[in-house]
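Take a look at this single chain, the form predicted alone, given in structure tokens.
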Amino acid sequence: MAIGIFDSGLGGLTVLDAVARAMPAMSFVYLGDNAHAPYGVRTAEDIFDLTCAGVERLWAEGCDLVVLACNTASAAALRRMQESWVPEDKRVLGVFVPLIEALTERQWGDNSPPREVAIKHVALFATPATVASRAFQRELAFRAVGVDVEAQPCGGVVDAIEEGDEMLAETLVRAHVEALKRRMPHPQAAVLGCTHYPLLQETFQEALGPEVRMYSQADLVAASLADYLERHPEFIGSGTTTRLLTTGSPERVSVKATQFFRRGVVFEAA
């Protein structure tokens, strides 16, 4: 049995890297749905259907536990999947909750009422579909009160990353940060609400300024997953292999991933 990591494209590789470092004795299967990326401009129904298809493909690989390393899928599809679609012997987890727990300084499983927290002004950078879902604000409201969230839909950034156009991606990030700062000039914290965005974290930080605390998801998800597996050891398999699958062209996706990660990344056909 392996742990499945699903994303609409390349962004979830940031999560895979973190969880593989945190759990070197585990096997992982990564699936990027590059043929249908980006998800951030699709309808909620379309995202649900594509995410279910991707998760089923990982189940077929023996991954009874799948992490949606895609904020758009987590925002638009996860709740519905967990409530009405996932079988009892499978698990599908998202990436929002670990980030919000870190932001609000709450421990895993803390179900106490929402309370005041130190950070009051949060800038959220995410895909248009994630912003439209308001899933981040909904999950935050379960844990904290009095937090002002200004969300910026970052159209075009995922497309540029998937195309390997780093210069365009950086230009778009700066433009989106400027747009948000016109509405919230002094955010205390910034949430990179897409797993593609850590590839451009330095650009976000430079545009926001050094005083803004950056919350990125990969390491937070890795720590949360390790905690989950301690409590649910039945999902721990054997082996230490990692496979990378894509619904797109393996050759093209491998080249684009290698460009952005600056190391050899080899995909195979899903």
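Quick caveat, the model's predicted, so the values are computed rather than measured. Note that residue numbering begins at 1 and tracks the sequence as displayed.
Missing here is the form predicted together with D-glutamic acid; even so, the following discussion is about that form.
Stretch-level contact analysis of 65 to 73, 206 to 214, 240 to 248, 223 to 231 against D-glutamic acid in the model of the complex, using heavy atoms and a 4.5 Å limit, identifies 65 to 73.
Although the partner is absent from this view, G54 stays clear of D-glutamic acid in the model of the complex, with no non-hydrogen atom inside 4.5 angstroms. Contact annotation for V173: none of its heavy atoms lies within 4.5 Å of D-glutamic acid in the model of the complex.
In the model of the complex, D-glutamic acid sits within 4.5 Å of a heavy atom of C194.
Put simply, V158 is close to D-glutamic acid in the model of the complex: some heavy atom of it is within 4.5 Å.
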